[in-house]
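Single chain ahead, by itself, as structure tokens, in the form predicted alone.
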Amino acid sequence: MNEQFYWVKLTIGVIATIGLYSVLYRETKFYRFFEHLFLGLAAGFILVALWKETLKPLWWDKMTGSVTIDDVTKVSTIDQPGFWIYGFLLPIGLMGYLVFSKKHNWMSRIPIGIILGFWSGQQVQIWWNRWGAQIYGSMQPVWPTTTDSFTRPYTEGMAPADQAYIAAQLYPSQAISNLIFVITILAALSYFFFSFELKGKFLKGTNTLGRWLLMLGFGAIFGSTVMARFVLEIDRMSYIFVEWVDQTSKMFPGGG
């Protein structure tokens, strides 16, 4: 890549970054320009991604199929047969845009109904794929199977049979960790008992413990969200103060 073109591209990126971060001062026309520029680029990217990642592989290629032609023998080999029935998806999908027509907007309900029907049928499997593993993973053993060591020993350099034996054991440190995990789950679930009044010190204490543990979990989530914002910030600052400055120093070696 031409060094000058690369520097110009980096400089445009720096100006755009400063323009977007200028909203921290206040919302100005300078910020609005780069905001609309970003939204326009994002909209264009979404259209391209929609075709390349969804429509082409899941609709067009399945409808037209794919054929490989040998350069020497000119013999055609069908890699994937096409199914013409996929062509019916085009008019059904276009019906969705009739929602903007006052006269024919009723036709937009046809693809919406089809999508909702398929979506509703898939939710049972999607729900289990998402939460089933968590339900299974929450069933942790809490009683150690061995007390030879408090923590799991290092297995590096051991024979495969010894490594398999150690991996199959539950050591006290792991049992304690699992016990805390199970108590946290039960206490958090007890907080959502709204069908009956919680009486007694045990139930009320468990409910209060669940509330505190939920607050700790939410605090960790919010903290990770803040850290994710800092990661974006650090990446942008690295772009400006490392990549752009380094390329600028190469373009103008006598500037420093």
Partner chain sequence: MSTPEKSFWDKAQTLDRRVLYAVLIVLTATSLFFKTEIPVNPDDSSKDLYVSLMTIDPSKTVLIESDWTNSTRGESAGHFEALMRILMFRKVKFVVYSIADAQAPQVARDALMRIQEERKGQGLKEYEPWVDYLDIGYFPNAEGHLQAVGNNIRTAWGGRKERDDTGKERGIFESPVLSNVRVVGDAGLVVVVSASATIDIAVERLYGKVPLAFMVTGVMGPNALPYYQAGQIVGIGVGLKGVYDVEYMMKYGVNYRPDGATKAKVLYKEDSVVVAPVTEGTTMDRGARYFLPLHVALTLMILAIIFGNVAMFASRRKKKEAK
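Residue numbers count along the first chain shown, from 1. Every value quoted in this text rests on a predicted model; they were computed, and no experiment measured them.
In what follows, reference is made to the form predicted in complex with its partner chain, a form of this protein that is not presented.
In the model of the complex, at least one heavy atom of Ser238 sits within 4.5 Å of a heavy atom of its partner chain. At a distance threshold of 4.5 angstroms between non-hydrogen atoms, Lys201 is out of contact with its partner chain in the model of the complex. Residues Leu24, Tyr25, Arg26 are the ones in 5-29 with at least one heavy atom within 4.5 Å of its partner chain in the model of the complex, listed in sequence order.
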